[in-house]
Ligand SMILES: Cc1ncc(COP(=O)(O)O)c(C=O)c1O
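Only one chain is shown below, in structure tokens, and it's the form predicted on its own.
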Amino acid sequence: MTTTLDPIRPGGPFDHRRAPLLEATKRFLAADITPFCTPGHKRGHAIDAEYAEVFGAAFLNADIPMGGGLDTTHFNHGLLVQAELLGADAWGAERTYYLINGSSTGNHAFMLGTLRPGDKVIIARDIHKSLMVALIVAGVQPIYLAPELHPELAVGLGITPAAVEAALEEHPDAKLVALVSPSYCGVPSDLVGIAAVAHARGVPVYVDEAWGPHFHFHPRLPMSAMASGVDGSVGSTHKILGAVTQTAVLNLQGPLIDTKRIGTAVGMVQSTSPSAPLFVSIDASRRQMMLEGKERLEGAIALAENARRRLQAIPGIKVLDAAQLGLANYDLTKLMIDVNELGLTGFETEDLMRNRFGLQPEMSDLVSVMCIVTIGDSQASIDKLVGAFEVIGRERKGAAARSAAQRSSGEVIAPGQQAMIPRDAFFAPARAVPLAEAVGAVSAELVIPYPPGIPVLAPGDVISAEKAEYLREGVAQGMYLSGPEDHELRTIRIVDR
């Protein structure tokens, strides 16, 4: 293997055995350079001793900057761009940007690079907090679309091409279609159909694919956003793949978007002091998926199916699957485990899992817990998970305390009356009032059960009695809220009109 990366240009050739950022890190460490640059801990020498004991000398020694560390301070070698070109080939994009502030960075950058204040965007209401914040930052007018709900399970079944077509007919001046696929529950939308409908009108499509960075690497998983023909998507490499926390990729293609302008926006919202180990993690994860991804994902899917089958056999426990939802495609690595028939909330179940059984789910709400299976799982971890639920199932035989309608990604996220665009409501004069007195008023803040991070209320929404009651009960049961100044929601800020 040579010490420098061979020239890489759009269109190849691409050697995915290479990891240019990882290789540069090894060269830097071998050179034993004495830094007179950031970070101030100088390769671990000034770090708190207890912190060093937990995280290790090897990590701290490699905590170097991109500029002046992996590359020159003027980025003369273009190592990040070379790594991103390999990423574009891996994810089937024309241009890929590596992100170290999570998928949130990609959501903000795409909106800033594509829209202008006042533009209309057709957007799914089951969006993540970061996309809602992007609406505020960009100052655009959302035209909300609610995903279709399963009538019994209250799970979103995605946005349909027909719904997008109807919205574009009603709003022919819309500049973008934006949605989340897969959903937090693992349900994909018909991206091929949506892209066809939008592109026929010259409108680009953007997908928050934070939960689907693995789709492109295994045929049993839903089709990836890039393969579906959309114009932009973001994927969280840290959520499912073998990259570290905060890493993501923004993938772009097609003539309907300005790739360079979006790249400029990435530079505006990305940290100006990026951590090299985060970028290196994406580089190494890309190599791993291209060389071993299909095999590793095959193992993860088999483990998830083993867990789903065994969990479904436990009385009082339900685990969602494609057949129940009536879907042809579903993220097989997601385990949405309903526990309400045991007389437990998801919050109570998460507490049992963590404090009694040493397990940590991804999410809990009033009716369920979500567990994800990844390439990092083993039969031992699956056995531990199933064993814990077998004990919980034997010990808890209570009646259902609530319905699936209280699911955090269900009907409670449906858009209600929108009185103002989010940016105007966020910056409007506001005052805090008791939640009970806020019904009928206009919310001035985001109110988001986290996880899953899907807004129940957004700035500009008229607060309904149903949503106020859902939030009140959720907080009483242990729900954590992101967004409002008062996280216990004793008060909520409303527009003072």
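Each residue number is its position in the shown sequence, starting from 1. Values in this document were obtained by computation on a predicted structure and should not be read as measured data.
As for the form predicted together with the ligand, it is not shown, yet the points below apply to it.
Among residues of the shown chain, G69 is not one whose heavy atoms approach the ligand to within 4.5 Å in the predicted bound form. Residue contact check for R396: none of its heavy atoms lie within 4.5 Å of the ligand in the predicted bound form.
Residue contact check for Y450: one or more of its heavy atoms lie within 4.5 Å of the ligand in the predicted bound form. Among heavy atoms of Q418, none comes within 4.5 Å of the ligand in the predicted bound form. Taking L250, V180, V230, M111 one by one, only a single residue has any non-hydrogen atom within 4.5 Å of the ligand in the predicted bound form, and it is V180. Here is the short version: of N329, T160, Q82, N101, the single residue with a heavy atom within 4.5 Å of the ligand in the predicted bound form is N101. The stretch in contact with the ligand in the predicted bound form, judged by heavy atoms within 4.5 Å, is 126-134, chosen from 260-268, 349-357, 126-134, 197-205. Residues S236, H238, K239 are the ones in 225-248 with at least one heavy atom within 4.5 Å of the ligand in the predicted bound form, listed in sequence order.
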